[in-house]
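Consider the single chain below, provided in structure tokens and representing the form predicted on its own.
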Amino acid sequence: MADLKYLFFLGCAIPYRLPSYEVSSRKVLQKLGVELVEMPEFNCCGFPLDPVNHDMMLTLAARNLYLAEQQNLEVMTLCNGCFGILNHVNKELKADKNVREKVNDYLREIGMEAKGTAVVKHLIHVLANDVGFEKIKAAATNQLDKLRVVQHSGCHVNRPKEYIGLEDPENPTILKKLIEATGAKCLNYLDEPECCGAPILGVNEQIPLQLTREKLGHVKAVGAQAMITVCPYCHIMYDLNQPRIERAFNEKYGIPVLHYPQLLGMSMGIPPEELALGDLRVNAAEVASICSQ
């Protein structure tokens, strides 16, 4: 019997581009006694549409929130963008009658009505606040004390502060504490809270690639053996695009980028192949070897 249960909002990017994040998350959450209930007939959270049609974004998010209200379960998502949008819209629906009525005018056409009573959490909030650091430390029987890593928590899990307010967006510590619970050393580096640049990738490729390049340089400078992420889009920028950046700027980084559940899973004794480490673009075999020592 699971200790905790959540409605699992998977979003769009993860199942199509980063199944390794989903696979590793399911593995570690199961071992921690967390039950995931599949969310029926969910749609895109609406995040990509916001700059084009704000009302469409609100309506897409509200439809997902209505589904959550019917299940009477807290929502858990792995994606920073999905969390940011669903959390933000849920609070707007609850606090602003005009927004709620506008959105529900659309939803009533398909027999739905969102009230803003759902609770939306990101994976790191579930791990830190619901599962708890002590339980995670107890489960991390293979302490990774020989590994030096850096964190990149991303933007939308911390910003804007007035809608989230769980930690200082200029000095986020939740992911760092989760990393340290595995025994790994989490290093500080220059411009740590800066954006990866992914939100503007579709508008201008050069700016986000330069932002990612600069951050990879800062990570390399402190001698980190890996970067740890909790956002699919950030992960795409640092892992999938890392070889591309190396070619474009004639530089070499070779920094493996792991999803946090992959790091946690190895500390719990789960074999790297079961955590889909082989799916990463930058080879993480050396990191897996260090973690097995």
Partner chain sequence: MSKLTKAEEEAQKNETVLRTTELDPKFKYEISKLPGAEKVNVCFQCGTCTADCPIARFDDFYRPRKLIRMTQLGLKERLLSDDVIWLCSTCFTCIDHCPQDVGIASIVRALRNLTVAHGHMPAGYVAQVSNILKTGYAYIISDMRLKKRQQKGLPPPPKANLKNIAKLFDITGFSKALEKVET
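Numbering follows the first chain given and starts at 1. Quantities reported herein were computed from a predicted structural model and do not represent experimental measurements.
What comes next is about the form predicted in complex with its partner chain, which is not displayed.
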> Counting only non-hydrogen atoms and a 4.5 angstroms cut-off, does residue 233 reach its partner chain in the model of the complex?
Replying inline: yes
> Is there a heavy atom of residue 222 no more than 4.5 Å from a heavy atom of its partner chain in the model of the complex?
Replying inline: no
> Is there any non-hydrogen atom of residue 132 lying within 4.5 Å of its partner chain in the model of the complex?
Replying inline: no
> Using heavy atoms and a 4.5 Å limit, would one call residue 70 a contact residue for its partner chain in the model of the complex?
Replying inline: no
>> At 4.5 Å between heavy atoms, only one of the stretches 168-176, 70-78, 122-130, 182-190 reaches its partner chain in the model of the complex; which one is it?
In response: 168-176
>> Counting heavy atoms only and using a 4.5 Å cut-off, do 139, 150 and 269 all touch its partner chain in the model of the complex?
In response: no
>> Using a 4.5 Å cut-off on any heavy atom, which residues of 8-31 would contact its partner chain in the model of the complex?
In response: 10, 11, 12, 13, 15, 16, 17, 19, 22, 23, 26
